[in-house]
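Encoded as C-alpha cells, the following chain is the form predicted alone, with no partner shown.
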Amino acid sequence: MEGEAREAPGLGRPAASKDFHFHHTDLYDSEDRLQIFPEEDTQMRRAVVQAEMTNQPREPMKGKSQRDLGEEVDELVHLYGLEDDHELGDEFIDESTPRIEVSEYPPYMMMGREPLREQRDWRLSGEAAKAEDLGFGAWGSAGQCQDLREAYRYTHGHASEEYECYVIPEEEDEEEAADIFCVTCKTPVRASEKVFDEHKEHEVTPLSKALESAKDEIHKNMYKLEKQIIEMENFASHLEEVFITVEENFGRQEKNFESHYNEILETLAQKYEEKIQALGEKKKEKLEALYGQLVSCGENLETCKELMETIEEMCHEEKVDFIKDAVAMADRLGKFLKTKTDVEISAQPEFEDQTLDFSDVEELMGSINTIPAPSAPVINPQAPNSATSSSVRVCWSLYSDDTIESYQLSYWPVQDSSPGKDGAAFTMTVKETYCSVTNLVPNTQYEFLVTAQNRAGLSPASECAVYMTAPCPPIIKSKEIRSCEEAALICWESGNLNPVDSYTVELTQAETPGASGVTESVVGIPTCECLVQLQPQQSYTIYVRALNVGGPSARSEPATVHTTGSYFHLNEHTRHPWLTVSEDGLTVVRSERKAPAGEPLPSDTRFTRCVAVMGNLIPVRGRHYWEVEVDECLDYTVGVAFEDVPKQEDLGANCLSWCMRHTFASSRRKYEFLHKTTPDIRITVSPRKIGILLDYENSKLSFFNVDISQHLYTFSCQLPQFVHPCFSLEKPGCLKIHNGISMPKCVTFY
C-alpha cells in the first residue's frame, strides 16, 4: 500500500506515511518567533528545487550575501543554545569525506542533531527516496544528501528535524451511507447513485421498507423451516419406533425359532430311542429263536451219534445177544426216526424295513411359523388437543410380545350405548397402534374398542374407551356487541347441541391484517359472553373458540370492534309493539298505521304503556356519549333508565329514569327534563341532533345541542347500578341513533 512506510535508499530509516502532516513548533509566540525562513530564502529554495528537477543552471542568490547568511546562522545558534554542540551533521557524513558547504540553502538545513533524531524517531525515508528519484542523490557527499533532503522536505511542507513536531492524521472523507434499496440489483445504494449511476432506470424502494420486507421473508422462511424440522423430527421419531419394533419382532421370532427347533430335536431324539429299542427287541427275539433251534439240532445230533455207536457195538455181539438187542434197538430206532427233525430256520437274519413316522415332526416343523393369538390391547386415554370437530386420534398399546398383523378398531356414539342392530357401529382395520377417525359429529362422545389380529386369530377385545370430538366454532352475535373506549362486551352462541367446557376469546389489531399472531387471549370463559379490556382509539378483530376435553374448536367468523366512543344496539326485547327497529339496530320507527285496539299485556321486559325501547349499553363505568337525530316536529323522549324501570309507566315519571322530552303543538315547542320533578328550562334553538353524555365517575347526565355546541341541561344523579339509553316516540316518526363516535370538544368540558 502507498500509506505503508518504506525504506529510503541510502538512509536506512522508515519513511513517514502520506496520511500525516508535520508541523514545526517552538517555545515562542508568533509575535516573538524569528523569521527563520525569510521569504527570499523560500523563493530561493523553490528556485533551486525547480532547477534541479529541470536540470537547469541555478541563478545566483539575490538579496543576501553569504556573509549575511553566516551571521544569521550564528544568531540562531546562540538563540537556541547550540554553541557546544559539535555533532551537527555528523550522522550522514563519513569521517573520510570532507564536508562541503552549500551556500545556496538556508543555514538550518545543516543543523541536524543525532540525539534529537534518536528521541523523535521521525519516519522520513519516503520523502528522501522521492528526492533521490528527482536527482538529488547525485550530489556526491552525505552532507549534500542531507541538505537536499532538508530542502525537499521544506518544499513539501514538512518541518526540519531540528524542531518539535506534532503528527496530525488527515481526516478521511466519510462515505455517504446507503439510504435506498435497488430491487433490480438486490443491493443497497445511495440516492445519488439512483440519479446519476447505473441504477437510474432500476426499481428502488426505501431501505427501511426493504429491510422490513427482508425480515418478513426471513421470518416466513424460518416458519416454514421450523415446520419442516418438526415434520422431519416426527418422521425420525416414527422411524425410531419402527426400528425398535423390528428389533423386538426379531427377538420374538428368534426365541420362537429356538424354542421350536429345540422341541423338534427333542422329538427326533425320542423317536430315535424308540426305534432303536424296538429294533433291539426284535434282534433279541431272533437270536433266542435261533439259539433254541441250535440247541435242539445239537441234541438230535448227539442222539444220532449215540444210536450209530450202539448199532456198531451190536454188530460185534453174538447172534443170540445180537438178536435180543436188535429187537429193542429196532423199536428205539423206529421211534427216533419217526420223530420229525425241524431243519428250517425259525428266524430269518434280515430285519424288516422300518417305516419312520415323521408326521409329528412335520407338524412341529410347520408350527415354527405358527404364533399364538395375541392378547387384548389397551386403549390409551384421550390426549389433550387430539380431536377436531369432525375427527379424533385414538391410540392404544399392546403389553405383550405378541406378533400383530393388524388391528380392528370399532366405535359408535355414546348415546347409542352399544353397537345397535341398525349398524351404528363402525369398524376400521389399521396396521399401526393409532388411528385418526374422521367424519364424526362435533362435540360428541364416542366409545372405542380395539382387537389385535394375526394368523392365529383375533385377540380378546379391549376395554371400551370414550373419546370426544372438538366443538363447532361459536357464532358471534355481531348485533349484540357493545363497546366503549376501554372495553368491549362480546356475545356469541355456542353452536353446539351438547355443552362445552369453556370458551376462549382471541383479539388481533385490525391495523395489522398481515399479522398472524394473537395479540391477546382470554381463556376459561364459562358463559357465552365476555367483557374484554381494550386500548382506546383502536380497532380489533375478535374470534371465539369453544373448548372441551377433545381440544379447541376452529375460530369463529371474525367480528370487528372499534374503541372509538360507546357503541350499542337497540334491544328488541324491550320495544313497544307499535315500534319497529331497523336491521342495523340503530333506528326506531313508529309508523302512521292505526295502532291496534287495546294495550299490550303487561310485561317486565317489554314497554306496554310508554311507546319506548331501550338500548344495550356496555356495563362499564366511565364516560359514554351518543347522539340522537330528531325531527323538530316530533314528540319524543330520550335519556337513560335502569333496567328494571317500570314498563307500565312513562319515562321520567319515576326515580329510575332521567329523560329529556319534547312536545310540539300548534307551532309551540316544549322541552322538559324529567326525573321526579320538572325544572323550568327554555330552549330557544330547537336541536336536530341531541348529544347525551353519561358520566359515571362524576354522577352526571348531560344533554347538548350538537349543531351549535350548546349545553342544554345536566342531571346530578346517583347511579349505583348500570343504566341503559331509552327512547320514546309519542307520535309517528323515527329516531336515529349515532354511536361509536368521539366526543365533541364542547362535551369534554362537562
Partner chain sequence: MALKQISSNKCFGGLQKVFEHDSVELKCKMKFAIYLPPKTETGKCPALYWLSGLTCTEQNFISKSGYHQAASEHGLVVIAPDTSPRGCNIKGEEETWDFGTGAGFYVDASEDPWKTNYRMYSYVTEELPQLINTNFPVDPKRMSIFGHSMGGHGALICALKNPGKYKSVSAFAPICNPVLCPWGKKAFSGYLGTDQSKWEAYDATHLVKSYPDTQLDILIDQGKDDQFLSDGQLLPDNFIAACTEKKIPVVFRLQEGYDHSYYFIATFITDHIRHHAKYLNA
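Because the structure is predicted, anything quoted here is derived from the model rather than measured. Positions refer to the first chain, counted from 1.
This protein has a second form, the form predicted together with the partner chain, left out of what is shown; the following refers to that one.
Q: With the partner removed from view, which of 674 to 682, 528 to 536, 237 to 245, 252 to 260 is the stretch that lies within 4.5 Å of the partner chain in the model of the complex, judged by heavy atom distances?
A: It is 674 to 682 that comes within 4.5 Å of the partner.
Q: Would you mind picking the one in 693, 717, 690, 712 that has a heavy atom within 4.5 Å of the partner chain in the model of the complex?
A: None of the others qualify; the residue that does is 712.
Q: Would you check, heavy atoms only and a 4.5 Å threshold, whether residue 632 touches the partner chain in the model of the complex?
A: Residue 632: contacts the partner chain in the model of the complex.
Q: For the stretch 717 to 746, which residues lie within 4.5 Å of the partner chain in the model of the complex by non-hydrogen atom distance?
A: Heavy-atom contacts within 4.5 Å come from 745, 746.
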